[in-house]
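For reference, the chain that follows is the form predicted alone, supplied as structure tokens.
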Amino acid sequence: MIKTGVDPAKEEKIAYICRQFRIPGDMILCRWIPNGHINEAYYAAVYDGWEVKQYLVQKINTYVFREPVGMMRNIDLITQHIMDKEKTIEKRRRLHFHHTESGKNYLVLKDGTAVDEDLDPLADGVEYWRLYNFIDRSVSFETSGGNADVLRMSGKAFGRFLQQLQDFDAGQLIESIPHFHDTRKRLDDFFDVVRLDLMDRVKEAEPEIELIRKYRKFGCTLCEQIDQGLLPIRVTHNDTKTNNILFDRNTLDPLVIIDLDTCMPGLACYDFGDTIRFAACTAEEDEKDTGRMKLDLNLFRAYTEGYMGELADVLTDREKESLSLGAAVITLELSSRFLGDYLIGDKYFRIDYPEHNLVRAKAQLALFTDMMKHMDEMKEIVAEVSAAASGCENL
């Protein structure tokens, strides 16, 4: 075993998990992967006597994903649908989740030992794990870095993902996180947290709380459109950050969308809006200097070009009109989630320092405020790009 700083007991555990997923050979390398807010992840290289094969091994965060069995069934259905639809798709463009001897694409451990039954994911000593192929010669980007080409290709990737699933019945899927983008409920829950003030932190965030209160009704706009039947429910990714796309290292061609945990029924505009929130801005999502957090309209345009190049003939007119609104609504929603998590003691998002979630909330509210100033310009760009792309499969 090559020494990488991973605890020997953890290395032994990851090797054991690989065997449970019927991976032949000996693990020769194990590395912890620090990226991501939610799941615990490891890279594993296994030598089978002929070649070294690479895998990603993840422990599912069952505090966040309370129904890991249903979530993994979602992933099975989605990945199989895409492979059935595009039978000639090359291996590097597939996510393949390996199965245990009993045919499950997840593994249940009880006190470190595999069991062939589904147990309460929140019970003491119970863990849920999964293993899938590592995409070789790929790269991901934590942010766009202000690169319009990265944003354009990101739009193409997430647009293609939605296009591949346009004929998939979203009713087959469970909500892996119930009410995930129910902004009305998110804001109701947020103000419940404010009222309770369990950690005595509300006084530290009064300006931010009042800004969210001011735009509470605006935040419910998309929920109202769903209630009125104005927007179709599709299979959406719901975590459309640039770091959830793997690109070819040399060409920057998007290869595959990863982190399918939050795939469930949803709105296209939330997926579109989350990338804009995360990547079409002038600073990172946890920027401490809120004056640096602005919407970059050039990056907004680039992403829209890639996205609409795949979806101009798929989305309804009402959906196209909702895209800019989705960017602002989801930014407000996530502001409330970051701040709400801070107020209850940082239970959901992984933090690097005590005020991390408060800093995130302030940065997102600054971005939301700037988006509202540029809403008309955003809508004009979407309309212009959509008109140019209409009738074309790719830009």
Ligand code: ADP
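All residue numbers refer to positions in the sequence shown, first residue = 1. Not measured: the values here are computed from a predicted model.
Here the subject shifts to the form predicted in complex with the ligand, a form of this protein not shown in this document.
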**Prompt:** Thinking of I135, S140 and N244 as one candidate spot, does the ligand come within 4.5 Å of a heavy atom in every one of them in the predicted bound form?
**Reply:** yes
**Fill in**
Answer among 22-30, 365-373, 38-46, 351-359 for heavy atoms within 4.5 Å of the ligand in the predicted bound form: the stretch 38-46
**Fill in**
in the predicted bound form, the residue from V126, I174, I258, A283 with a non-hydrogen atom within 4.5 Å of the ligand is I258
**Fill in**
With the partner omitted here, the residue among L162, M72, L267, L95 that in the predicted bound form has a heavy atom within 4.5 Å of the ligand is L95
**Request:** Indicate whether the ligand has at least one heavy atom within 4.5 Å of a heavy atom of I344 in the predicted bound form.
**Result:** no
**Request:** Any residue of 43-61 with a heavy atom within 4.5 Å of the ligand in the predicted bound form counts; write them all down in order.
**Result:** L56, Q58
